[in-house]
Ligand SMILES: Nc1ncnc2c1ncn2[C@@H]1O[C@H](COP(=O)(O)OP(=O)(O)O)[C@@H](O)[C@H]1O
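This document opens with one chain alone, in structure tokens, the form predicted on its own.
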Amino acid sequence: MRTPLLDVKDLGVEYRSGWRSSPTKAVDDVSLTVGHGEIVGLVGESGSGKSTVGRAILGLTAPARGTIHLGGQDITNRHAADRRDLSTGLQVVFQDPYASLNPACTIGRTLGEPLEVHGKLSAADARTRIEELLTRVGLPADAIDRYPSAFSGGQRQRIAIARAISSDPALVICDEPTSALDVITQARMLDLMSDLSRERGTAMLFIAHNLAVVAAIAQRVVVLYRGRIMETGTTQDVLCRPLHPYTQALIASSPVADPLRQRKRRAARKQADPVAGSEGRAGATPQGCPFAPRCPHATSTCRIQRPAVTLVDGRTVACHLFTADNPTPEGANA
């Protein structure tokens, strides 16, 4: 089997609010892979640690433990000076299109910097390359001489995508790249990114909280909750036949147009209400399942023992409902 392009193993990231305080585990033993040319969705609600995983891969946040390999190279604790060499193979598209571009630089200058650093092109060749990039992302070539203030949010995100692909990276980290855009612009951005990935063979780790967005672009999905992976698998399997109760609750929280289906989803979502006081939802210890306080299936074991990762029909799930001896418990997909 071909070695994955990105291989993250047992990644842990911790934060402290003060030097005397105990560390908070923002990411806890996360392992995931992204294959060459593959788009993998990393999903979860706000505060689940999605962006922290992306920042650790990019070197913007120091891991407390674990390893990160890109193209077979260990990049876990690369120094800032060494990170410049990685930028040809690793790029990022940030969430906020208004904050990711320097307002004092023209678009040509913004897109020309990576070409100057890595491409070693002449000024004329660099300008031609920039115009080609702008055209490819659906912007006029004369945008090269304009400033970010002249563009809408969707146009700015297209510029950010053009900058990310300018050096033909093997992997792009996309951190909520469509969340600040309207629905129509989101669809256009997703089509653009899918086309670019297919044409250039660029792999992507697509970080999002919107499952519909992930379903439109990713081949595989990794579901994260409070810094831990709950479930992984193909997009079709995870979104159509979710195994973990948290994945089921996450899907139930997404609105649908059908009133009857929406009513069922609302009822399912209430089962995972964190303020409910039933016995099964009593608090969990740090060693237990983080979803236990909200899970309608939680038992005393869930609150004190971390669930093992179990392989079920070609995907993985970390839940005490599933064991090697009982991979398909009754009611698991209720």
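When you see a residue number, it is the position in the sequence shown, counting from 1. Just so you know, these numbers come straight off a predicted model, no measurement behind them.
Same protein, other form: the form predicted together with the ligand, not shown, and the subject of what follows.
Inset, instruction - Considering only heavy atoms, tell me if S51 and the ligand come within 4.5 Å of each other in the predicted bound form. - result: Yes, S51 sits close enough to the ligand in the predicted bound form that at least one of its heavy atoms falls within 4.5 Å.
Legend entry - Contact test in the predicted bound form: V309 vs the ligand, heavy atoms, 4.5 Å: Looking in the predicted bound form, residue contacts with the ligand do not include V309, since no heavy atom lies within 4.5 Å.
Legend entry - Contact of L32 with the ligand in the predicted bound form (heavy atom, 4.5 Å): Flag for L32 set to no.
Inset, instruction - Please check if S46 has a heavy atom lying within 4.5 Å of any heavy atom of the ligand in the predicted bound form. - result: S46 belongs to the contact set for the ligand.
Legend entry - Answer option from A26, L70, L58, A64, heavy atom within 4.5 Å of the ligand in the predicted bound form: Of the listed residues, the single hit is A26.
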